[in-house]
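A single chain comes next, written as structure tokens; it is the form predicted on its own.
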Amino acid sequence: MNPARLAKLSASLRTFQPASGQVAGLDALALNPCPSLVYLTGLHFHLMERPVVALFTPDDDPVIILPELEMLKVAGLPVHAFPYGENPAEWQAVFRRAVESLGLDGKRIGVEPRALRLLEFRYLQAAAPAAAFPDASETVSRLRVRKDAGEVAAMRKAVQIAQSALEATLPSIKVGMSEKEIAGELVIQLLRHGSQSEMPFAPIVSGGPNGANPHAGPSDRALQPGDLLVIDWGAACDGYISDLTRTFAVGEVEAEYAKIHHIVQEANAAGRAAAKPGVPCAEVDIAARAVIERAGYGPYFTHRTGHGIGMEGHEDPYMRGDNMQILEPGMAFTVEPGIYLPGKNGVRIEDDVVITETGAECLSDMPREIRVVG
């Protein structure tokens, strides 16, 4: 359990006013196994057919509904546990007793729609039929969006692991290797260099025309001379992640491909330079996008400039041109402009940035210039 974070949550439940303009706060927060539950309690459960739900209120110790086989995880912790056995017919009654212990029927129980499954939600709804279940995403985001020194240190280490792993992978890349073979070697190197086994995402390795798809999965396509090779990868350390992208040349590439690589490199630098405390997230996107638009490739930059990182690969804040959320010290995010030419090649260069009291620190420093592999 993290008493400081739980205290902040309690204060947020009392004072938070939903974005809809309603003045009522939240009477409770319900979380199933997800990063927010780990953030508040340090408890790790995996999603399975047996539901796990924790209920947090402003004035009580947390209540947790869980399988009997998981009870050792909460032994000695300041929680009220409501365990259940293997018979699903008995689970609803346990949920009802847990909800009744906090008097939550008819109250406002906040949930995270991105994380809470229909499985858990139906048990909660049946246990508290008169309750409302508003979206509490903003409540939780406000707790997690500003990283403390320990969180930043874990992300910095995750960046170092990722960079070292890719540097160890690059010498093995040859013309004729498949994207899957490169991705497999990179995963091995990530583990060898210290990443947790549960990585933030499977590496994206895409060459030639596949690189024009920003989220292409590694395929059996073999690298060919003249390809650009996009590698988007990350590592996990102490529950926090890194998310990086570099684009390489497979031998000599056409002049236009070298040109768009340079443009994206400049856009990446412009986005990082725009990141400062007190600046809207939109300014980071606008600065990076302007470089690409001035060069005539605006239609080929098809996504936002970045997204928040921390315990998850995608979280607040988001670097979109319409997002006026103000950057504050401790906020961490990616800067990842790209140019994608359908049927030809693609380029993306991505770095991890954290806002400081006076500016921004780029956690990643792997060379961004075009490098030849193969």
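Numbering starts at 1 and runs along the sequence shown. As the structure is a prediction and not an experimental result, all values here were calculated from the model.
Unshown form predicted in complex with a further copy of the same chain; subsequent notes refer to it.
Although a further copy of the same chain is omitted here, in the model of the complex all of 111, 121 and 215 have a heavy atom within 4.5 Å of it. Contact annotation: a further copy of the same chain lies within 4.5 Å of heavy atoms from the stretch 312-320 in the model of the complex, the single such stretch among 56-64, 327-335, 33-41, 312-320. Checked against a further copy of the same chain in the model of the complex, the candidates 72, 149, 130, 255 yield a single residue with a heavy atom inside 4.5 Å, and that residue is 72. Listed residues 93, 188, 175, 126 were compared with a further copy of the same chain in the model of the complex; 188 is the one with a heavy atom within 4.5 Å.
Interface membership of residue 157, defined by any non-hydrogen atom within 4.5 Å of a further copy of the same chain in the model of the complex, is ruled out.
Within this chain, residue 79 is remote from the site of a further copy of the same chain in the model of the complex, having no heavy atom within 4.5 Å.
Among heavy atoms of residue 302, some come within 4.5 Å of a further copy of the same chain in the model of the complex. Not displayed here, a further copy of the same chain is kept clear of residue 262 by more than 4.5 Å at the level of heavy atoms in the model of the complex. In the model of the complex, no residue of 217-251 lies within 4.5 Å of a further copy of the same chain by any heavy atom.
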